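We give structure tokens for two forms of one protein chain below, kept apart as structure 1 and structure 2.
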Structure 1
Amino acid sequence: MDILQLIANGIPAGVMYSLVALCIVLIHNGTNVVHFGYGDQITFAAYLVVIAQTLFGAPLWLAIASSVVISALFGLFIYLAILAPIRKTPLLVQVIATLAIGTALREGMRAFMGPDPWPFPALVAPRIFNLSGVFITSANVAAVAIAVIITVALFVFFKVSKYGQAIIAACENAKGASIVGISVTKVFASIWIVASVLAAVSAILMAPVVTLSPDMGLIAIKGFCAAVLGGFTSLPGAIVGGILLGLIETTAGYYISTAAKDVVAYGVLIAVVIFMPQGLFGKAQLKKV
């Protein structure tokens, strides 16, 4: 039953896109900026693990912990030192700034860690489970499990906690948030921190599966597509968009032809953009003028 195998592999592949899409949407909701350097931030976080291990001899847990912390600080730095000072400039300037951040990270890692792919430690011992002919790897199980945990945690945080609600509120209406006592600057800084911590988590899930190289961040292109599929404003939409994209890619490639895989996958994307400009989960943008 190849269809079951396609689903078993399509979902974890899509989950990788979902994680990227989630953070791109989060940052975009808060700051209106599409962060084109986000994929490279993931790559950077993955290299931090490798650097901690190979250069400083840190054990895996410490390497991961330091990657998460440094990545978070780096996100804060991006916001405070680069994007906050230019927040009043045209959006294009800010978007180009994110591109520049991405390029600097990518080429910086290429220069410092070399252009060749790096082996990345597996978080879970590599194992393959054979469920009556459908093969599932431990890495994929871990990726999906952690993605589910992150999604649930984010959902609870945003829906239930006061600070989560404050973030949602500030994203929707910054002025409204500030007059109820929410520091919008702190909210945006925390968005960058959350997104950067998730970049590190994604990196740890992704790198053993998709191979760490300076160009690993290219996966963000798929993340953007997933975000568009999901409507670009909705966090659940980003998750579903990513999984759908993963499933569309695997099944289209298998049932039609591998050469037509992208034609079909991007065809679906263009169709969504044309016929459902709000995406599958997007909300109508009714901003008061």
Structure 2
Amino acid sequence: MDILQLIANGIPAGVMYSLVALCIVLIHNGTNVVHFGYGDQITFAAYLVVIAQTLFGAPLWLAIASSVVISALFGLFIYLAILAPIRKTPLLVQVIATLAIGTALREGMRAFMGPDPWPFPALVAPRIFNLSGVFITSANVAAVAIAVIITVALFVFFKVSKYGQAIIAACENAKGASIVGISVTKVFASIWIVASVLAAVSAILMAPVVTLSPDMGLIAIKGFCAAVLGGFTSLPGAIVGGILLGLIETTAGYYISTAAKDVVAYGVLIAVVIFMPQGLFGKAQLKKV
């Protein structure tokens, strides 16, 4: 297989990992919580589209809009009802809470929708483009284009808008931000809303490509790998880490075997944790003891 074809196959998977990693890092930087149930939030958003179409007969655009709105409200509920009250508890308590959220979502979807896969509507008509011998599907083109647009919009929001800058300030120093009049509670709630909206977007991009089942959220493990590879505190690092992981997986799948893709991805994660724990773009932190 030509190297360009490997890149064309690896980048679409990489941008999906990047979106997941971006949200995981955003939540972690803003609220100091590692959300282990984020993958199940993505799956929940995908099922919302299917439920709106199959049970209520909604057109695709309305089903997607409903999924985005409900996901945003659900993210706000998670923060206000569950994580805000335990914000000052030990980290282990918060980790267990996010694991419980994810497990409850996954098993609830399994009970309501069944364990069998569900078909998910494609955003674009299936086509294959031949660009000088490099084959690209319309689904991959759409996924990459949407992911790039959202990522650019997100970075512009953080760099240009006053509210985006307030979020960055609260992420860097919550106490200092509150002293200058920034409502840290509102900022944290906004982070959860943004991350939950992006969970719906990720679901809409992933579900047509991968199998929609209650276990689809396990793909978030790749998002965690990408976040660790990028540095776990760096938003640009999350994007680079996701794309690199997608390329590494694709290359391993071709030159070794498709069964080795996950092994190689997790091997990279272990190597980064051992030999470069700050990741590609993370910064080593010094703590007084």
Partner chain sequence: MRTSTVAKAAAFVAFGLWGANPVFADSTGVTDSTIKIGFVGSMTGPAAIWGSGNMAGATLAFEELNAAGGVNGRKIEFITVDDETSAPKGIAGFNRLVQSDKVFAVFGPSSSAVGVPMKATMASSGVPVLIPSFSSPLMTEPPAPNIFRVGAINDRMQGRGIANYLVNTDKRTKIAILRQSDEYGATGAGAVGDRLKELKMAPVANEVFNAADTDFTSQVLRVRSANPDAIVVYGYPAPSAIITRQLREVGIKAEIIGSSATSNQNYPELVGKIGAGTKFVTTLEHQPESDFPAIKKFREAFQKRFPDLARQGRPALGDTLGYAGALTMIEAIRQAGKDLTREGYVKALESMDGYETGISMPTHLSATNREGNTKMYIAVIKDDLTREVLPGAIETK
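When a residue number appears, read it as a position in the sequence of structure 1, where counting begins at 1. Only the largest set of C-alpha atoms that superpose within 1.5 Å between the two forms is called the rigid core. Bear in mind the structure is a predicted one, so any value in this text is a computation, not a measurement.
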Answer check: the form predicted on its own matches structure 2
Here the CA of I274, compared between structures 1 and 2 on the core, is shifted in angstrom by 3.0
